[in-house]
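Below, in structure tokens: the form predicted on its own, a single chain.
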Amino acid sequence: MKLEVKETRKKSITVGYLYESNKERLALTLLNGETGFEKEIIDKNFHRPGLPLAGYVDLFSYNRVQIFGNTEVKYLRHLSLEDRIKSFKRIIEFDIPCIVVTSNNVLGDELVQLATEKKIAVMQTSLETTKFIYFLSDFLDDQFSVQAAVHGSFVDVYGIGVLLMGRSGIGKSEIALDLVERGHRLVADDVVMITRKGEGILMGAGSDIVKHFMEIRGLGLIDVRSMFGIRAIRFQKRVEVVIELTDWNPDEEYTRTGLDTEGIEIVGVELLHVKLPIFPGKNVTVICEVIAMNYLLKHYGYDAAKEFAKRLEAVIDEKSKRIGDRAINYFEHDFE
């Protein structure tokens, strides 16, 4: 089953946004002010321009963030000033978004001035190249990942990200509130922003406006963080189980054993899908907890449905070898 949602993906971010969002996390310092802040970054990958500096530009990925580490800086230093300028000019002739110099390396005033003339931002960081690349890749991957807005409630139940879905007014927010009351943590209500990380991971979070506010019909808006404290919320969580709340229909077939589980696809990632019929008096909150715990058991290698099926097959096989025996053995005394 595939959930039809509108997928979005950023086409670009500005150099200014990159700096403002990461100046503390990546320890960034501007070497030529806010020059080139309006330039756009359109690729989530980065580039280390060692070969272009040496003269080979046929495969130069110039539209990426250019990282000057120890190798690039030491190469430039071993050149004469004239050759250094010539080498640097060779790459800034391309439409480079920005340059970041790592490990507190010094690029040189003459090269920074050349970059400024071409309106290319030059930044410096104290982080080592490997560590800087790790953080930068994580940030850019988030920015350019596929996103989708899903209507539902998202709760961390025993460490499992449970997404509650269903028609409007079926009780998603009330169930989420009951789960929070029982010690679980709310991630988002009403609008859940889902981002695909890598190939098989979905991360869910609330929207900037709603965050941890919740609408309870007949009561209105409540602030879960203010009411239940910081322990009752999370800002993001991996989405692992989707529980679809449906109205009870006596004519519909529902799974009875759990052997025939089905999945649901959200933005290209397959997740466990549990279709849960509800009716007045049914304790859905406890069932949601059990679904989360059962998922944990499966994660650690124990599947109750498969274990029961094996046990049943073993009993049937044993009984078939003992035809004629009494099905039930009665005991004289009821001792444990």
Partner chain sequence: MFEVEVIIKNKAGLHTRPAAQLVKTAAKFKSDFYIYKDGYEINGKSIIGVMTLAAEQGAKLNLRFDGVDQKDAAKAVCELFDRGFDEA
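Numbering follows the first chain given and starts at 1. Everything numeric here is computed off the predicted structure, so don't read it as measured data.
Form predicted in complex with its partner chain: not shown, discussed below.
Among the residues E215, E110, E117, D247, the one placing a heavy atom within 4.5 Å of its partner chain in the predicted bound form is E215. This chain appears without its partner; in the predicted bound form, the one residue of L79, I85, L219, A149 with a heavy atom within 4.5 Å of its partner chain is A149.
Three-residue candidate spot M1, K275 and A292; no residue lies within 4.5 angstroms of its partner chain in the predicted bound form by any non-hydrogen atom. Judged by heavy atoms within 4.5 Å of its partner chain in the predicted bound form, the contact stretch among the candidates 155-163, 232-240, 204-212, 86-94 is 204-212. In the predicted bound form, at least one heavy atom of D189 sits within 4.5 Å of a heavy atom of its partner chain.
Though the partner is left out of this view, S168 does reach within 4.5 Å of its partner chain in the predicted bound form, counting heavy atoms only.
Using a 4.5 angstroms limit between non-hydrogen atoms, M193 touches its partner chain in the predicted bound form. In the predicted bound form, its partner chain lies beyond 4.5 angstroms of every heavy atom of every residue of 98-118.
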